[in-house]
Ligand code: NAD
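Given next, in structure tokens, is a single chain: the form predicted on its own.
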Amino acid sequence: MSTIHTYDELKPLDMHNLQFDIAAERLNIQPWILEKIKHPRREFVVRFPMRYDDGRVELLTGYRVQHNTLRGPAKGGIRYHPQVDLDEVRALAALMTWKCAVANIPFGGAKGGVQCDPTSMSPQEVERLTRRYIWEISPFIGPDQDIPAPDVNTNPQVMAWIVDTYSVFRGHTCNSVVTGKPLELGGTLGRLTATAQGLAYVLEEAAKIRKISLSDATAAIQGFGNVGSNAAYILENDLGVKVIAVSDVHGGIYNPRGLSIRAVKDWVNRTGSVINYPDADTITNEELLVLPCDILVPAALENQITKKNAEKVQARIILEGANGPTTPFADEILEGNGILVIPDILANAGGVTVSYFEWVQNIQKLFWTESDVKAKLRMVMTKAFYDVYDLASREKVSMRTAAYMLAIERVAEAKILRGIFP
């Protein structure tokens, strides 16, 4: 890591490139192959007019990056956020490539986004935004080419609009163009909780290794969206973990005696935020990350644990629900302090794994029970965990470096086998 100072910790793409380089240095792979799979295969920038309810028209910018398709169609979510830019989408698309490779499912990586503030839009405006953005990228997506899914500020309803828009473009109904759809349009049981369920399966194995009794453990969870809220509920109700703190974009709440996640969810449904929840102290997102606890789940945005606060982290296990929440700078500090970091490309791969299951069901026109989905997910996540853990133990590297090494090797092998055309 001699050139670590040349990377900007606040830039997700820099952090991806640094982590890639750290892992690649340990692999005997030809430099041209590494360069090929490090960078995106294709990327699209689209600019389109958006008409608001009051008649205003504004030009918006959208992105779709297809990082890699060597192992199968590109796969990755679509996010609507004011800070979306091309470099962020490039980094997130690359993470999807490695995530699919770690889980060993036959997808490559992609990501998309529109730079906008959907929280200030009406449902009708979000629908018009979605349909216009998808119309712009429709020639470049499809069930055998690139399969979007929900991400930040998008949900099953947005996926339904994508299905309809793409089907109009193709001239026939094509449910398999996206995953994370409503059940009525070919979605799968278990998809909404898939990422959180995958986190729980991985945590169970990590706890065995670290000899942590989950029924006696405490957890703090940053982010109370789909991943964070479901992870909190599963940890509390299925694994017996005492959840002592949760947070959202407005702030956090803390009770060392434990929170009732069902009650917190009800509070959020009534008020729109976890803040001011009774029988809990108010804390900041920054304070949550350094609380004394056994399990820390960063499930918000990237770059939350950095060299500035890593030394203060007191958790025994960090379970990454978000993409890129911990920087390589912080990883060095955490590893030195004996904290087990289960990296994003392993820990939160449950979402894309069940997306793969949904895609398979759509193609086969044959649907599974929720217990089938969960059983298959546990099998994939458990195998992926030990694939990474065994490599980390054998090579004496962190779980993150091992996960990247495994993923890079699998993608590179696909390139070697496919060769160069012509």
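Throughout, we count residues from 1 along the sequence that is shown. Keep in mind that this is a model prediction, so the values were computed, not measured.
In what follows, reference is made to the form predicted in complex with nicotinamide-adenine-dinucleotide (NAD), a form of this protein that is not presented.
Of the heavy atoms in residue 79, some are within 4.5 Å of nicotinamide-adenine-dinucleotide (NAD) in the predicted bound form.
Taking non-hydrogen atoms only, residue 176 never approaches nicotinamide-adenine-dinucleotide (NAD) to within 4.5 angstroms in the predicted bound form. Remark: residue 321 counts among the residues lining nicotinamide-adenine-dinucleotide (NAD) in the predicted bound form, judged by a heavy atom distance of 4.5 Å or less.
Using a 4.5 angstroms limit between non-hydrogen atoms, residue 75 is distant from nicotinamide-adenine-dinucleotide (NAD) in the predicted bound form. This chain is drawn without nicotinamide-adenine-dinucleotide (NAD); in the predicted bound form, the residue among 150, 113, 108, 343 with a heavy atom within 4.5 Å of it is 150. Site annotation in the predicted bound form: the residue of 218, 306, 130, 226 reaching within 4.5 Å of nicotinamide-adenine-dinucleotide (NAD) with a heavy atom is 226. Contact annotation: nicotinamide-adenine-dinucleotide (NAD) lies within 4.5 Å of heavy atoms from the stretch 191-199 in the predicted bound form, the single such stretch among 191-199, 307-315, 163-171, 334-342. In sequence order, 285, 299, 300, 301 are the residues of 284-314 having a heavy atom within 4.5 Å of nicotinamide-adenine-dinucleotide (NAD) in the predicted bound form; the partner itself is omitted from this view.
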